[in-house]
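Next up is one chain by itself, shown in structure tokens, the form predicted alone.
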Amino acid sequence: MRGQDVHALKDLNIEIHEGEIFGYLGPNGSGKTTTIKMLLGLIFPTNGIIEILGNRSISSAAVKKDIGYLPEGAYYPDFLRGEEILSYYGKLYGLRGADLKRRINETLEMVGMQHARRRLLRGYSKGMRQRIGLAQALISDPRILILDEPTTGLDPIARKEIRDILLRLRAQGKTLFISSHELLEVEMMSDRVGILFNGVLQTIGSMEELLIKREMTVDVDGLTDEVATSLTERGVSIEDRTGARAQLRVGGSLSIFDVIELCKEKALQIHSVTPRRETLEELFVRVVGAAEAARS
């Protein structure tokens, strides 16, 4: 039985701006990994071109030195030490002697792993392994970083530490292309995002361009169960309630002025009124849902 040809990507056209963090999103099987393989020069498009850093071809060895890559679930031998991993990858990039030692020291310092440089990898936590993986992606001092799921599976503290490192790298002028399912992390870091579905880029832009400002929230005090029931019956959503404190979400047929009047009527103390915009997760579900509906 013959295999079926699959068009992994269709008419993909993306321009990544120098010095930005670009979040590349999509469900499993949407074509994200294929895109990364093409950016790394591992596979080539059947049509079109890929240009890196202006009009330089991805097939150039000099261009590849300007690209650092952190794969998802990168595996490194447990019997090696952190600095040995970096030495190995540095030599692949042609670094030797004093230059190699300098880059090892710089990258370990950059990712906060100087203290564990001589420790065997089998003694590393998952967060430490991710840091050493990021260090190997940085060993050649690349201008572009391609990161596949850099924070997935990490605890909240480790995620924040990796996020802070990535933001510092952007501040240094590096360009980051991040493929991830961790939408909150992407939302907090990215300058722009693109959402891919079924090989087609569905939308691309900055958070300000893509996320809809659509609701208001009101923080109140003095909420009782009786008042909460009354507000709910009127169409007000109650969230993040802690005792008498709560956040009211304004939506549906009620205006913000209606809710403020209701709060006054119920003798609730209003602490703040804040516009709420759509989250990246809500945007993702909306865009992918519309694409699925159009396909079916």
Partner chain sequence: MNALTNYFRGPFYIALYTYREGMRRKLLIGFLVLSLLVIFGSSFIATFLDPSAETDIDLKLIKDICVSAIAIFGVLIAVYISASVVPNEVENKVIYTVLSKPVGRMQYLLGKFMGAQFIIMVNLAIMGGLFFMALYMREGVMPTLLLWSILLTYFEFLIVSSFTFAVSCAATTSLVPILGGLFIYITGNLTEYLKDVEHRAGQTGEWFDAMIGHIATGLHAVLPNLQNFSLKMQIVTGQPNDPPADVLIPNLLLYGFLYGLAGFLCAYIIFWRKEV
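Quick caveat: nothing in here was measured; it's all calculated off a predicted structure. Numbering follows the first chain given and starts at 1.
Below, we turn to the form predicted in complex with its partner chain, even though it does not appear here.
Put simply, of Ile212, Leu92, Ala98, Ala171 only one has a heavy atom within 4.5 Å of its partner chain in the predicted bound form, and it is Leu92.
Interface residue among Gly153, Pro71, Gly112, Gly205 relative to its partner chain in the predicted bound form, by the heavy atom within 4.5 Å criterion: Pro71.
In the predicted bound form, at least one heavy atom of Lys65 sits within 4.5 Å of its partner chain. Within 4.5 Å of some heavy atom of its partner chain in the predicted bound form lies at least one heavy atom of Lys37. In the predicted bound form, Glu84 approaches its partner chain with a heavy atom inside 4.5 Å.
Not displayed here, its partner chain is approached by Gln136 to within 4.5 Å at the level of heavy atoms in the predicted bound form.
Stretch 73 to 81 is the contacting one of 73 to 81, 161 to 169, 187 to 195, 104 to 112, since its residues have non-hydrogen atoms within 4.5 Å of its partner chain in the predicted bound form. Residues are counted as partner-facing when one of their heavy atoms sits within 4.5 Å of its partner chain in the predicted bound form; in 35 to 53 these are Lys37, Leu40, Gly41, Leu42, Ile43, Phe44, in sequence order.
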